[in-house]
Ligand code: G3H
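This document starts with one chain, in the form predicted on its own, laid out as structure tokens.
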Amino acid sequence: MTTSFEDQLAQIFVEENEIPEIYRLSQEIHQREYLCNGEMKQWNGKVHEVYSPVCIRTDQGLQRKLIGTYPVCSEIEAFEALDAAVTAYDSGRGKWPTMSVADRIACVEKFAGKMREQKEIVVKLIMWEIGKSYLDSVKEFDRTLEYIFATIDALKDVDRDSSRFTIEQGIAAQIRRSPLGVVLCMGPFNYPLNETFTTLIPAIIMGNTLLFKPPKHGTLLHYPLLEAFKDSFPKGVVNTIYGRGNVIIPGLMKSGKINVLTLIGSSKVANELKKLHPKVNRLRAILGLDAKNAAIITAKADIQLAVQETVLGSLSFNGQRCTALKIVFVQKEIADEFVRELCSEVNKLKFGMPWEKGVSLTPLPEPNKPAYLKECIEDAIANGAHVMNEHGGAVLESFVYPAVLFPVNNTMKLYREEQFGPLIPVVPFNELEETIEYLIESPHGQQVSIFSNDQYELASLIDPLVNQVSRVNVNCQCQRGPDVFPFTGRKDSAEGTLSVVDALRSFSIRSLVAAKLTESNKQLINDIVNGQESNFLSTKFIF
């Protein structure tokens, strides 16, 4: 008997007792604490229920699994956290900002060790909270630890370079990097641990104090790490804030006490928050924002390679990545073949629950996302596109099967809107200039992928496109890594640059101590350095 696709979709969701023991949460996580001023403070107020995108088959039908709750705090608790961070920084005189680099590194190393002890529960919570496959959840945790240690190594290099004095025109100076103040850190749901820590860790290690608001989807997974933060850093250095962003964040920005805003989210939210600050010129922003990365596939491309990379680039973690390929331009003479091969490869992807071996497509964490994606598909069809792959766009509860849409044109929502989901809009084009014009007119400017085996054609695209986006990928998908590479964007896609080294620069400023080389100044400086009186003016060498 042949099983219908609707039945196949329904079968991916299982009953509670069918979940393999190894992947189950031993119990629901009901968080009633938050970290503020070095204390785990109790919360007895309103809480938010966290439902997994993984639905469970019950007698009442499919129901999202409740995995826990977390505090919904108010402005009062947010300002308590702000006061703690401001006090800990103490206008740059606090214990943490004046601590030696070696001692700050030791604190971060201690945290990393304690973080490693929580790997099992954090990985499970990543999987259950956002529906990421178990294997990718493990990779996210491991990559985050690797990033922490790479940051430590990078800071050692920076400090070693700064341990010498520069002498110019009769003036001796020591140039180091110093912290900026209080940082408000808000991460994204799609990489709730890794993307958050790529800003949080460099911000802390450079001597800043922190207000940390976890993402709405991906909050509970940080709870097992709060004790590690508390035990590893002086009080007030790391403070967590919970609650509705539109309730607790505006007041913090209006206070003028936030020195750095780091947000991975939408440009609209970032712009609104920046405008609330009373002295915008004093606010540094490190932002990862909207992206609509394009693939440009010419008639001279290796079609099989382009298809392979397009599938990876557009559907890894269900297309819920800022670096995902979100629109694909294909030269008309190969468009039909490309779409046919693309559909064939998409149909090979395994879909199911996050713990299943080899699974590529999993449920979506945002409750309203399936309806939005369906709306995008209907709009595309109404304006002349077709769903090219069998079952494309099929929806069951939190799961959306990928849809390849072709031919997409500029009258459709998918032509400009960032879908952030498993839809692949394919646009046929005649001349390469059409694709260049698209990127010029686009408000986004993160990355682009170009596929061609012709050196002259590649060169003709590379030269104009490097001035439209921050990274041009040749014959491969868009991506963030390796983490030593700069990660940023033009236009509405980013502000500031992240990489292991760039992040250290982003969360600090160059400061120097300078003195004329008189005999008395030489003696004074030598006495300070030899007596190890200053953590800044020092020639200590970190190995």
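Values in this document were obtained by computation on a predicted structure and should not be read as measured data. We number the residues from 1 along the sequence you see.
Not on display, but discussed next: the form predicted in complex with this ligand.
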Among the candidate stretches 186-194, 245-253, 334-342, 349-357, which one is within 4.5 Å of this ligand in the predicted bound form when only heavy atoms are counted? 186-194
Single option in Thr497, Gln479, Gln63, Asn475 placed near this ligand in the predicted bound form, where near means a heavy atom within 4.5 Å: Gln479
Interface residue in the predicted bound form among Val237, Cys322, Leu125, Leu405, criterion: non-hydrogen atom within 4.5 angstroms of this ligand: Cys322
When the contact criterion is heavy atoms within 4.5 Å, does Phe507 count as touching this ligand in the predicted bound form? no
How about Arg143: is it within 4.5 Å of this ligand in the predicted bound form, going by heavy atoms? yes
Residues of 485-508 having any heavy atom within 4.5 Å of this ligand in the predicted bound form, listed in sequence order: Phe487
